[in-house]
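Below sits a lone chain in structure tokens, taken as the form predicted on its own.
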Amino acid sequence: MDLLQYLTVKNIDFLSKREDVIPYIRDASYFTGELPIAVVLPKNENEISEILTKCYEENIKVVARGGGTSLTGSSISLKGSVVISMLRLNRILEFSGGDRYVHVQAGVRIDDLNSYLQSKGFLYPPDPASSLASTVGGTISTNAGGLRGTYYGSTKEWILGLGIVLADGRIIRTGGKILKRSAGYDLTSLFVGAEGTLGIIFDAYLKIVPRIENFTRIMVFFRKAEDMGKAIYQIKERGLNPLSAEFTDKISMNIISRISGIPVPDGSEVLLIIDIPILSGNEYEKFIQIIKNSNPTGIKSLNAEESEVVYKARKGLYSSLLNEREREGEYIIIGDVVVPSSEVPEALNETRDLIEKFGLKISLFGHIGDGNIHANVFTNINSNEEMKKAEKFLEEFGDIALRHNGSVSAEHGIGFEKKELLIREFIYKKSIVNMEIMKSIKKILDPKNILNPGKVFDL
């Protein structure tokens, strides 16, 4: 019995017409996959188990897909593969404010989850820019970060337990409802950031916190990136912690200014958007004093309406940058590196020198509060010459992060795009054995290499 007959007999919904499966060859990255055999739409973990059992027997590749927001190609379909769309697994199963957890299915979108939690006075902190579309399962699989990362950390800090279907169809559970445990190997963490190469996450227990409602959002303009970087480092050195701290260069700063109607002071080259929590009487004054001593060209405290507009403009910057394209076939490839806060000023200076060296149109923005820098490279993906130039830039951009004790991937994962950069990082850190260990784990959990093969690394 072939796969489609099997799915029909098992009464599992699927798409197989060309016009229905074509959208799954792309995600938010610049990569293009190949037509899958089918896109399956399971309603529960038992159906996922039945699908994987059949695919394991028949050696059929399987790609799990949430909102399709990957920027490194981790969710695009492969030739002869089955795509498992998780979007029907979209229920919030259980909430306990006293125990500080929420139990949700993997297809729940991040914004929908936080809309539900907001009504109860709670928050699930991970806040990727794609939160309108991205799902719980997808963000766990890439260990997504986001705007609140400087205060709350990335997704891995907020996962209590997972429900997972393994390559051969077995269902396992790791962790659970409790906030701490010491019970052997931490299998939960093993699947965080694995990009669907070790198993398919179908639900999760997530840690939640009360919302911090009392904060002030300000915009601070600078002539020099190093002044901004030093300001953030001094804020954190003083024991202060912003809820979020976002930076943009002039290209992105002008976009936010156009959307918000807030003018840019003369001579400004860099914008810092910072959320200051008001947890004590003089919290705000401490932040402001450090900022005033950092040579800003202007400081703008936002009212509630302005604050919301600026927040949405920052989250939508990637989409807005697409409107800045000037040529047919031009695309934006996003570099994503991270360095310690103390290294940010010098890393930004070296990145500026690198942009000048390559002569590319590039916009920089990112989550400066946790040292995360995004380089948005405008390039024609149909030009081999331009693509090689962009790839070489991203390679050297990664080298800057490594020289400054950072990593080549902060929050976007590895996917197709960063496989060579990952090897480069392990070699730089004199620990290429990391790759051998990762491959060994893959071979144990997925001996036939059917789960998202070719992503993260090649076997």
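Because the structure is predicted, anything quoted here is derived from the model rather than measured. The first residue of the shown sequence is 1; numbering continues from there.
There is another form of this protein, the form predicted in complex with a further copy of the same chain, and it is not shown here; the text below is about that form.
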Open item on the list: Partner absent here, but in the predicted complex, which of 195 to 203, 248 to 256, 309 to 317, 292 to 300 has residues with a heavy atom within 4.5 Å of a further copy of the same chain?
Closed with: 195 to 203
Task: Partner contact for T379 in the predicted complex: a further copy of the same chain, 4.5 angstroms, heavy atom - done: no
Open item on the list: Under a 4.5 Å heavy atom criterion, is E237 part of the interface with a further copy of the same chain in the predicted complex?
Closed with: yes
Open item on the list: Against a further copy of the same chain in the predicted complex, would M438 count as a contact residue? Criterion: heavy atoms within 4.5 Å.
Closed with: yes
Open item on the list: in the predicted complex, does H412 come within 4.5 Å of a further copy of the same chain, counting heavy atoms only?
Closed with: yes
TODO: Report the residue, out of N90, S189, T216, S383, that has at least one non-hydrogen atom within 4.5 angstroms of a further copy of the same chain in the predicted complex.
DONE: S189
Task: in the predicted complex, the one of G137, G335, G146, G229 near a further copy of the same chain [non-hydrogen atom within 4.5 angstroms] - done: G146
Open item on the list: Would all three of S81, F358 and Y428 be in contact with a further copy of the same chain in the predicted complex, where contact means some heavy atom lies within 4.5 Å?
Closed with: no
Open item on the list: Within 4.5 Å of a further copy of the same chain in the predicted complex, counting any non-hydrogen atom, which residues from 64 to 99 show up?
Closed with: S96, G97, G98, D99
